[in-house]
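Take a look at this single chain in structure tokens; it is the form predicted on its own.
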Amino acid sequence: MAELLSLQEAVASVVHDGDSVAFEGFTHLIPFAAAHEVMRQRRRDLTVIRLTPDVIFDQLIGAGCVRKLVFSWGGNPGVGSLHRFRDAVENDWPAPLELEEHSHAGMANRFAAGASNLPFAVLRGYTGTDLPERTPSIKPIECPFTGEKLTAVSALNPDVGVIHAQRADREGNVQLWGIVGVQKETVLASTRSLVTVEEIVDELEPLPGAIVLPHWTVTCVAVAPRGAHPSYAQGYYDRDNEAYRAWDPIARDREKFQQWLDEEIYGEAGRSPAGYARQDAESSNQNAGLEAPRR
């Protein structure tokens, strides 16, 4: 059975210096609270993995947690660049950053192969790009049946898979719904996993399109209300667009970023569930009309 732990205990238990860690969630259910706790515990030399590294990885990189990034696209969605990411690539600040770039399809197929306990996945992508020449985990392959030229990508099997979900029961069975990206595959492909949830319930109510991860696939579960903020959790709260806009001037300036880190992560505000204590209070009014599904 998955262990039910505090977020602090869960991160201390499963995320270690030098680990490869996937933080997944596609625009929705992005595990910000877990990433902030990783920053708070000052993990170092991590290889971080994500289809779409956005603000969550800008923060991890700026905090000095990351040695290598495995990804397929990077940016602050709807706003612009990731300035802490850019500073690390261009100026080695706060540390040099190694990059391994893929397409979205390539990354999704790598997670699917890892979840299926296969060594690689095959797809028709990457044709006409220079990524195979630059990325060792992309190789040409010939179909043994038709002779067609295809592309193989090595499986992803992170040391740790981190996701956020709407809820879990007391045995550690996890339920999530809405845009789910590759969260399921991330948990199944990883050696250890941490799932943060909005709430623990006595019984999981069946919902159309919902995914249930059984307790024996999950290492630990931690309650983190608003743990995906400033992204959203369907049925619980909306995306906080203002927080994404507010991040841009913070990330552009090293001193402003360090002040944000000291106040919102290492300071008193960082002890709030999502590390966004002030912004949570401001955004609660616009989300007041949302209710969680009835149980």
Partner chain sequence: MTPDDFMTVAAARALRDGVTLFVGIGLPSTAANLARRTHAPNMVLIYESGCIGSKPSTLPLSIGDGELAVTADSVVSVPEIFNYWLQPGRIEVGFLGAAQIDRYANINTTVIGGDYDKPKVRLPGAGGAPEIASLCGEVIVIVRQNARTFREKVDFVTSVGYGSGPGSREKLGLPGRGPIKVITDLGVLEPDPETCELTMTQLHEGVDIEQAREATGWELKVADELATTDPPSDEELAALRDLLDTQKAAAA
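Here the structure is a predicted model, which is why all the values come from computation and not from measurement. Numbering follows the first chain given and starts at 1.
Form predicted together with its partner chain: not shown, discussed below.
- Contact here is defined as any heavy atom lying within 4.5 Å of its partner chain in the predicted bound form, and by that definition not a single one of Q166, L176 and G227 is a contact residue.
- You can rule out all but one of 157-165, 214-222, 187-195, 118-126: in the predicted bound form, only 118-126 has residues with a heavy atom within 4.5 Å of its partner chain.
- Of the residues M39, L51, I56, L261, just one reaches its partner chain in the predicted bound form with a heavy atom at 4.5 Å or closer; this is L51.
- R239 belongs to the set of residues with a heavy atom inside 4.5 Å of its partner chain in the predicted bound form.
- Contact annotation: T47 falls outside 4.5 Å of its partner chain in the predicted bound form, judged by heavy atom distances.
- In the predicted bound form, none of the heavy atoms of A152 sits within 4.5 Å of a heavy atom of its partner chain.
- Not displayed here, its partner chain is approached by Y232 to within 4.5 Å at the level of heavy atoms in the predicted bound form.
- Taking its partner chain as positioned in the predicted bound form, the residues of 61-85 that bring a heavy atom within 4.5 Å of it are, in sequence order, F71, S72, W73, G74, G75, P77, G78, V79, F85.
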